[in-house]
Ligand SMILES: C[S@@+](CC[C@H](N)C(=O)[O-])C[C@H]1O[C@@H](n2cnc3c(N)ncnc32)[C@H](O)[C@@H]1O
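The data below hold one chain only, encoded as structure tokens and taken in the form predicted on its own.
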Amino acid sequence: MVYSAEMTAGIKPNQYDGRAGQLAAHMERQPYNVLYERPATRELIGDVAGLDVLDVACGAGSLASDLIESGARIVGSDASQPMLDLARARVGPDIALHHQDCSEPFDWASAASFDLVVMALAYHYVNDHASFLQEMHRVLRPDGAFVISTHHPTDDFRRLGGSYFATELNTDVWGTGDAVVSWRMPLTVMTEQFHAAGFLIERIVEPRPSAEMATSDPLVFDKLEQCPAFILFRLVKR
């Protein structure tokens, strides 16, 4: 897909800056994150002991902290400096954290330097997907993997209406009252982006809500049993 200048300028990389603490706290108590996306992503990542892992859009560091405890050597990046400050407080002083817009080159990362790249619920914030994926292909080792979780296009269509096949910007208002801008796109566009960058899809996961959610958040549980909110990919180099 070709992006116009207006499209590539569409999302401000620092849109979380003003209320990073509040948004991070919201994601730590949000069942969609804690009891749905997070366990599914962690299962798809698998064993990370001894691996060099790049956590792209690491946010406040919840996944990075988990992977560190599981034996991974972590490097994190995020476009929001306030989010990186929260991550620093969580993971300590010895973990490399980089202020990085995903649409810009990862100049600090050497080629073939990571066994695993992870990106949890942030692919829909990237403006230049082609450049980003090319960079992830470059920094990943030949036998490495790239795990992505993102909005499920079917859920976007259900919530937003319009055309399922639209690739366009959308603004969601979170429970905190914050307006957050993201991309919606059909599955075909996402998978073609992966293909064009030289990736193969090893696995696709449409997560089911955890059993715990059936008790703690039965309405959300029932909703997610009918339609997935997120979709996960495990990519490998072609």
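What you see is a predicted model; the values in this text were computed from it and never measured. When you see a residue number, it is the position in the sequence shown, counting from 1.
There is another form of this protein, the form predicted in complex with the named molecule, and it is not shown here; the text below is about that form.
*Asks:* Based on heavy atom distances of at most 4.5 Å to the named molecule in the model of the complex, which listed stretch, 165-173, 193-201, 207-215, 55-63, is the contact stretch?
*Replies:* Flagged stretch: 55-63.
*Asks:* Between the named molecule and 13, 78 and 121, in the model of the complex, does every residue show a non-hydrogen atom at 4.5 Å or closer?
*Replies:* Result yes, every residue of the spot touches the named molecule.
*Asks:* Going by heavy atom distances of 4.5 angstroms or less, which of 133, 83, 74, 140 would be at the interface with the named molecule in the model of the complex?
*Replies:* In short, 83.
*Asks:* Quick one: from 27, 48, 35, 44, grab the residue that has a heavy atom within 4.5 Å of the named molecule in the model of the complex.
*Replies:* Looking at 27, 48, 35, 44 one by one, just 27 meets the 4.5 Å heavy-atom criterion.
*Asks:* Hey, in the model of the complex, is residue 125 touching the named molecule, heavy atoms inside 4.5 Å?
*Replies:* Because a heavy atom of residue 125 falls inside 4.5 Å of the named molecule in the model of the complex, the answer is yes.
*Asks:* Spell out, yes or no, whether the shortest heavy atom distance between residue 87 and the named molecule in the model of the complex is within 4.5 Å.
*Replies:* No, residue 87 sits far enough from the named molecule in the model of the complex that none of its heavy atoms falls within 4.5 Å.
*Asks:* I'd like to check something about residue 115: if you look in the model of the complex, is any of its heavy atoms closer than or equal to 4.5 Å to a heavy atom of the named molecule?
*Replies:* Outside the cut-off, so no.
*Asks:* Answer with yes or no whether residue 155 is in contact with the named molecule in the model of the complex, where contact means some heavy atom within 4.5 Å.
*Replies:* Output for residue 155 is no: heavy atoms all beyond 4.5 Å of the named molecule.
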